[in-house]
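Below, in structure tokens: the form predicted on its own, a single chain.
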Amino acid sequence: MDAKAPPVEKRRQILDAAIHVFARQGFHACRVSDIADEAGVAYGLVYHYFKSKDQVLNELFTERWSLLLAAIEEVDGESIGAREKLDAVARFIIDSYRYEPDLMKVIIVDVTRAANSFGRTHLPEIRRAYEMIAKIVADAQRAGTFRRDVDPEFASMWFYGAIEQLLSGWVFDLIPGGEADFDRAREMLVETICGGLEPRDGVPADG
């Protein structure tokens, strides 16, 4: 990229380079100089925009998680059923991996699954996402479309846990990750979660 590119573009250039370096080498194994080399900029320029590689990772996570929270909020505001809402959220997350696998690998391996300061630092945002799914479940319970004998917070944990396992399977090449596999996995996940939450034949919604 042109050395005279605007600061915003330079900052983006460094962030995009960091995604590939973190995904390829692992966050803890890489150095700031590796990010600079990948971005094609001087070592010192990285420090001009970011205090450390920790701040780079922090910004990458915050950007992507903010998009997720906004997507859930938008979906929840639509006049569609709970199953359709959960399907839309699952689609957003899985499509994020489909189109930006390196970024999602970094978020899964180095933030949400890491027992370190990153995960703890972002607990409020992570909890917010869980609360938003729990709200969708609770609203459906009040409407009678989901059973009332299941704790919405547990349902939210199952929903995210299932998606995270799918993403981890793709990240570590444990399950097939072709185009058709993404859609099939989403459909099975939504069917499994919602099938367990929807009232069974002959059993009332309140259990």
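Model, not experiment: these values are computed from the prediction. Each residue number is its position in the shown sequence, starting from 1.
One more form of this protein, predicted together with the DNA, exists but is not displayed; see below.
Proximity to the DNA in the predicted complex, defined as a heavy atom within 4.5 Å, singles out one entry of A162, V171, V41, L68, which is V41.
Contact with the DNA in the predicted complex, defined as a heavy atom within 4.5 Å, holds for exactly one of L45, A143, M157, I175, namely L45.
Contact annotation: the DNA lies within 4.5 Å of heavy atoms from the stretch 27-35 in the predicted complex, the single such stretch among 27-35, 60-68, 148-156, 178-186. Taking the partner from elsewhere, every residue among K10, Y49 and K53 has a non-hydrogen atom within 4.5 angstroms of the DNA in the predicted complex.
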